[in-house]
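Below, in structure tokens: the form predicted on its own, a single chain.
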Amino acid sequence: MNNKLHSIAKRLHWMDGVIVAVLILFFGYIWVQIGDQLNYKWRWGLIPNYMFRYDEERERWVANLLVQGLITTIRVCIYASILAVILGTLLGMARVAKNLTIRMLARTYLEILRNIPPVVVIFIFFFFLSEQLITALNIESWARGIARQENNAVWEFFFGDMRRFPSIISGVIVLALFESAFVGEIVRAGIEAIPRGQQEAARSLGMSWIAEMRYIILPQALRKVLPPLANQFISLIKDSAIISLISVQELTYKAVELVSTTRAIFEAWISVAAMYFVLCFSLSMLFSYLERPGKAAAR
């Protein structure tokens, strides 16, 4: 432990201390200005009660608004990232396909989504695709039937309150379609990074284009693109705040509810920002740790 602390101390520069001091002074100044100029009374004591509450019927502590929103955010991001990777991989393959029409369709989809504001994309996908799909598949009535059942613990574990299942599915679809455009470009770059000699060798063995992609190109490309895909997953978590606009009850949506209920504006948004930061920073550290064995092996 002492060796680790000594090693960290060696890597620190005097400028690091200056930056930390400036940040402390800056946030301290903001804190004082909010209290003095706006005559704002801080009520941090409210926040813990809106994270967990004691349920007298169950006789145990349960998640309250903010933690409920955080759990929904995690659920939506996991499912959306899985769907985005699947769609993005197909788009990446389409971008390097032999057929010109397929390449142009994939590029059109990617360029449109990458050059339109996310809020506009979210509303377009929600009203013109997600809502229509949910109605066509009769998902809302099916979810209500599941919610009425007594033995729905498994469903609630994966999706939460089944009465809100349609909104979660809407959020997953909308986020996945939006993020798949970025994943598609990452996958395309990974495919094009594979030496052409391997593709020529596959063709010389009589492999079809699909078999070549499945067995030779994609396994290598996906290993190369794992770091940018991990960063894209972190971006997806931050982008998930947008789906609060379509009434998905994730963390940002719950923060708005908290503000409207308590008027604890700064406390609520600072707490939400801290929760997003802890989640994203923890994932960043995890992905960095998982990359180390690969880097060591490469050396």
Partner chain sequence: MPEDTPIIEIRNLDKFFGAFQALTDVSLTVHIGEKVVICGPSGSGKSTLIRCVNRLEEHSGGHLIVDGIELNDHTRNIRAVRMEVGMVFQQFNLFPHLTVLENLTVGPIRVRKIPKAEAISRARKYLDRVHIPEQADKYPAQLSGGQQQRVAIARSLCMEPRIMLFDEPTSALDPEMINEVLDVMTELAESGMTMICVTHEMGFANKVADKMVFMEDGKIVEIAPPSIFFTKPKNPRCQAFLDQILEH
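The structure displayed is predicted, hence computed values, not measured ones. Positions refer to the first chain, counted from 1.
Separately, the form predicted together with its partner chain exists; it is not shown, and the next lines address it.
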| item | value |
| --- | --- |
| Its partner chain in the predicted complex: contacting segment from 141 to 149, 158 to 166, 192 to 200, 107 to 115, heavy atom within 4.5 Å | 192 to 200 |
| Residue 86: touches its partner chain in the predicted complex, heavy atom cutoff 4.5 angstroms | no |
| Heavy atom of residue 127 within 4.5 Å of its partner chain in the predicted complex | no |
| Any non-hydrogen atom of residue 205 within 4.5 angstroms of its partner chain in the predicted complex | yes |
| Exercise: residue 90 in contact with its partner chain in the predicted complex, heavy atom 4.5 Å | no |
| Of 121, 97, 216, 78, the one that lies within 4.5 Å of its partner chain in the predicted complex (heavy atoms) | 216 |
